[in-house]
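Single chain ahead, by itself, as structure tokens, in the form predicted on its own.
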């Protein structure tokens, strides 16, 4: 088998693209087909973003206006490609479950510890879950949106998605080993729309780690990914995404973290890949006594642009949120951070923090930070801040004076700068891998 489709895919600009997608997907579930049809109509109605819109301030929109060259990925892959991808998708010695997707196609059988299956855990592809557990998936599917500017692309995601992952951990079940997802892009000029739905029941505890990779460094891709985390009362979910698409990829990652009462929910984004990557993260706290933590580690190099938009919305009283996004910029790279904490009128005794730190490793790098607060309650403790600075000359001289080359010295100092985020990953194998991909940025 070759890596080309048996029939030619129309591009995203072809008026027949949605009909073609529906015929190829073949998922005959009424509510899901209706959701896709409504999303396609919404996509056609919504305008492309403009820089005069505050939610797109500072962003480079040229690539987003030129997505017609991409074709939705699909069809069979060569066995050689599949074998290579599967071999590269084993980074942990012990996992609770593993799903490997290549161009939204299952590359290997779903893995799930049988004992966890007996406890009621569902870990499967999204399409499989829609067929087998339609009411459960429908209860959570697209019930929240980041609401941070990419509504048109979110609609495109829903209309065109072929597959994703569904993880449901029932009440009172705790899992120590991680569930792991590998999402791979393969075909040149391919567009994929991966969807992750992570539901943690009452007092459930689980970790989900998602790796985003490209099978080749020379191909070009569009990725519009959604990830939604739902934490029921007392739940402790932990979700990490390692974004390492190749540097010809245009990617959008649209996330929501939804917490009810007395939860401890954590999400972490590691961003090293893509030519241009936009991440939108909205943490919503619906119940009191909850703690929501959102972290990001970003290392753009050369001409990469990382655009980060965040919301922390406190709806219930007596809750806490903490956001820390750290960037280390190399070459002519750019970052944009725009974050807002919203405290609703009834959310008294909210404790919320938002911090964006930028470490400039080049005179040509550019960092833009726009933190903000919108407080409607009168008994709260909220703070926000942003810092931008360069490596301390005296600290750098310390390394140079001991014969350590400048590039290696900068690498060591960046490791120290990021350790505050890395130590929050709570998984040594993952932490080691993150250090490895950061190190590769200094070797390029």
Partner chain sequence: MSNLEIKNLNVSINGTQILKDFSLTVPKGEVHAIMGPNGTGKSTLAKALAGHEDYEITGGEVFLDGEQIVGKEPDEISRAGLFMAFQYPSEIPGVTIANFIRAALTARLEEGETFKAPAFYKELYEKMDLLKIDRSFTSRSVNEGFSGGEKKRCEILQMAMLKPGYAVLDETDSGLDIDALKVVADGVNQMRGPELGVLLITHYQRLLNYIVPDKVHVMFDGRIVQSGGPELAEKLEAEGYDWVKEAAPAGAGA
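By rigid core we mean the largest C-alpha set that fits within 1.5 Å across both forms. Residue numbers count along the first chain shown, from 1. A quick note: this is a predicted structure, and the numbers were derived from the prediction, not measured.
Quick note: we don't show the form predicted together with its partner chain, though the next part is all about it.
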Counting only non-hydrogen atoms and a 4.5 angstroms cut-off, does residue 400 reach its partner chain in the predicted bound form?
yes
Any chance residue 47 has a heavy atom within 4.5 Å of its partner chain in the predicted bound form?
no
Does its partner chain come within 4.5 Å of any heavy atom of residue 62 in the predicted bound form?
no
Exercise: residue 394 in contact with its partner chain in the predicted bound form, heavy atom 4.5 Å:
yes
The listed residue (41, 35, 404, 27) that reaches within 4.5 Å of its partner chain in the predicted bound form by any heavy atom is 404
Each of 115, 117 and 122 within 4.5 Å of its partner chain in the predicted bound form, by any heavy atom, yes or no?
no
Align on the rigid core first; then say whether the Cα of residue 417 has moved by at least 2 Å between the shown form and the other one.
no
